[in-house]
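One chain comes next, on its own, written as structure tokens: the form predicted alone.
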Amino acid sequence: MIFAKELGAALRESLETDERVVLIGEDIIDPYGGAFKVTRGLSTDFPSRVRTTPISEGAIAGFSAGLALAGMRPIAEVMFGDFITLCFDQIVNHITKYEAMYNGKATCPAVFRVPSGGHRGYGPTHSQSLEKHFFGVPHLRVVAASLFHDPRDAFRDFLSQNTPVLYVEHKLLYPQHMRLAPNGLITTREGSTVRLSAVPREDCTATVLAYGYQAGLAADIVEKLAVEEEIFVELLVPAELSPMDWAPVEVSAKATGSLVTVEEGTAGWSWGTEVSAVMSERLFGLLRRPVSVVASEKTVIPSSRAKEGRMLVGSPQIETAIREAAK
């Protein structure tokens, strides 16, 4: 179960089950099948509904808005998540506003797939995690793909609702195996949040909250610390980042008394800082230490792989934060 193939299967299922679905994006048709090959084979089987576009993210956003307003269900691929900035105006000022502006008589349920993240040496403009700039936008769902969430479930959910979606796919997920039932960890689900731990919650001394690619890194560390050193923490992996379901986080952090957030986006004004603000208010006096926010350095991502590795969040930073939180 390779993530890229499972995601492609989710898109195929969407095309098969809903004739309103249209896939658009740059170079997504065969034989290329998209920069990360997720859409390979789909244009051959659905030639009228899988369409390549000009190299213009603004045009892709405009096509998506028009199709959605006309009753279609567009799923747009932005080749690199960095280029979602070129769609920002149309998403924030138009696509997310139509339903409220027209009192529910118009909806614009466009889905934007954004391959994001670094650790591949792609340099400053092809390696960023920019989703934090969309958190809190009214009537926009920001959802993160992970190895712990079936993309079929995600797209079934998207097609059942009329809310626009930003679907964040870290590029390092594509070649990895799904981890719907990780070895060595107890796995349960609360809504869109997956809970993983080596022992029951009451025996855990910290809560770790991570999404996307970093969730997989955190899961490896959680298992390693449990097996090798009997340091037990609980990992929460949410799919929906904004709006956020706070209940699982509040319940877990209240029980463990300590909370760590992990994201690859740059530090400051981020998802982690929002989690920290909300949980510090809700659990005032119940946490034994301040919330630890793990994020990448506030600088431009270098082209040098060595420098990039030091600047972006990886396993060393996550493990250090978890060890400190679990004391």
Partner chain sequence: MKPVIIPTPDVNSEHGVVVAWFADNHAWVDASADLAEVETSKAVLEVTAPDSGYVLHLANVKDEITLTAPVALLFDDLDALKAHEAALAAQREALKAEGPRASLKAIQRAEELGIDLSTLDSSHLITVKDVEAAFAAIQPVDYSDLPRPLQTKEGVQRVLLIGGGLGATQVIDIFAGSTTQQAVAVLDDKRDKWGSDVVGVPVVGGPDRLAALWQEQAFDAAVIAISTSVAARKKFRELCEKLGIPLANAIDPTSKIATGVVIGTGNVICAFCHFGFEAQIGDNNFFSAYNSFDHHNVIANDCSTGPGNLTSSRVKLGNQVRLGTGIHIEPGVELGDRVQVASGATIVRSVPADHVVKTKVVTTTVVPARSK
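Numbering follows the first chain given and starts at 1. Only a predicted model underlies this, so the values are computations on that prediction, with no experimental measurement involved.
What comes next is about the form predicted in complex with the partner chain, which is not displayed.
- Interface residue remark: His94 is not counted as part of the site for the partner chain in the predicted bound form, having no heavy atom within 4.5 Å.
- Among residues of the shown chain, Tyr122 is one whose heavy atoms approach the partner chain to within 4.5 Å in the predicted bound form.
- The partner chain is not shown here, but in the predicted bound form it comes within 4.5 Å of a heavy atom of Lys5.
- Although the partner is absent here, Asp89 sits far enough away that none of its heavy atoms falls within 4.5 Å of the partner chain in the predicted bound form.
- Site residues Tyr32, Ala35 and Ile186 are all in contact with the partner chain in the predicted bound form, judged by any heavy atom within 4.5 Å.
- Just one of Asp82, Glu99, Glu223, Asp150 comes within 4.5 Å of the partner chain in the predicted bound form, counting any heavy atom, and that one is Glu223.
- Of the candidates Leu180, Val199, Ala255, Ala106, Val199 is the one whose heavy atoms come within 4.5 Å of the partner chain in the predicted bound form; the others do not.
- From the list 106 to 114, 69 to 77, 131 to 139, 200 to 208, the contact stretch for the partner chain in the predicted bound form under a 4.5 Å heavy atom rule is 200 to 208.
- If you take 7 to 23 and check each residue for a heavy atom within 4.5 Å of the partner chain in the predicted bound form, you get nothing at all.
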